[in-house]
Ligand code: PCA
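Encoded as structure tokens, the following chain is the form predicted on its own, with no partner shown.
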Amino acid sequence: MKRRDFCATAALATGLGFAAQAQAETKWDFATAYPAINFHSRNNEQFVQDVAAATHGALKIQPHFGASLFKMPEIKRAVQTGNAQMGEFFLVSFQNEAQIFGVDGLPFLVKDYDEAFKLYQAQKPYLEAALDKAGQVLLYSVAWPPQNIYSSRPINSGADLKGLKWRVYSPTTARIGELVGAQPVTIQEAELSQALATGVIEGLITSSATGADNKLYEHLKYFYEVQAWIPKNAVTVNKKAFGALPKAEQDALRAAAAAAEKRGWESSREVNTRSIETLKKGGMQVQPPSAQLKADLVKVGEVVTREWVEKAGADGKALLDAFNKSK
């Protein structure tokens, strides 16, 4: 073979090698709704880095924070249709699609993180089945800190919530608003600051982390540690996209997801303590609920839970039975 023919052949082989390498590289978009500073986002960023390292760059995942790719209500559907290969969404916001998504938003069902994790274990088989029907695979789920009441005015009983412009983010929070006579207003986290600044809302129930991230102390004065429930985010992947991965990359993704779930739950506990201190330093009055407020909310919670069980049917009852046995 002449030298120039050899060089041409070598160049072609090298080019084909690079082409094969490029073809083997998979790139995914990961849609999230929370700012990069949020602990969920930081956990997701570490997950992305772990996947890249474990697959030696064969699977590259690009996170899009702050609802920059899709708004939170759109993310689940975007993953289902493949418009984003991965997504993170707030489970309880999709309770109307499947009641199973809403179980961790039931008031006073769990009293702490340990019980919240047991509830997740009871929920997980049903959650995976519901997501599978929607063309998705559950990778991991991480809890928010407990949900507490923020208000522009003192709240000493359920009656004090009457007429309050109340931010809702799920069917349960909307139902609670109705039961206490508040004025429910649907507002996503990315719109919180503007809604408060313009008086669209005057109070809400959300986590200490959301309050600290969004500097709610700049608009609201009162914070009541009712610890109503401990909801979760779910991180899912499009079922077809997952199935198209080589087995080794699927295993790497699962391993990184397991680490992210463990790390995320631990971070949530730490963030809760830190965020409450941030709220105090910002001038917010942090206090426990009065006995009357707690009693009134418990009554509301009993109504909401009873209604949920009726809608959730046999699966809902089996889930709660499994959870109660685990306590």
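Counting begins at 1, following the sequence as shown. Remember, predicted model here, so these are calculated numbers, not experimental data.
Keep in mind that the form predicted together with this ligand is not shown, yet the notes after this line are about it.
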{"item": "Check all three, 223, 272 and 275, heavy atom within 4.5 Å of this ligand in the predicted bound form", "value": "no"}
{"item": "Partner-facing stretch of 94-102, 165-173, 247-255, 112-120, counted where any non-hydrogen atom is within 4.5 angstroms of this ligand in the predicted bound form", "value": "165-173"}
{"item": "Distance check, residue 90 to this ligand in the predicted bound form, heavy atom within 4.5 Å", "value": "yes"}
{"item": "Proximity of residue 140 to this ligand in the predicted bound form, heavy atoms at 4.5 Å", "value": "no"}
{"item": "Partner proximity in the predicted bound form: residue 34 to this ligand, non-hydrogen atom cutoff 4.5 Å", "value": "yes"}
{"item": "Residue 238 within 4.5 Å of this ligand in the predicted bound form, heavy atoms", "value": "no"}
{"item": "Contact assignment for this ligand in the predicted bound form, among 206, 151, 227, 157, heavy atom within 4.5 Å", "value": "206"}
{"item": "Sequence-ordered residues of 43-61 touching this ligand in the predicted bound form, heavy atom within 4.5 Å", "value": "none"}
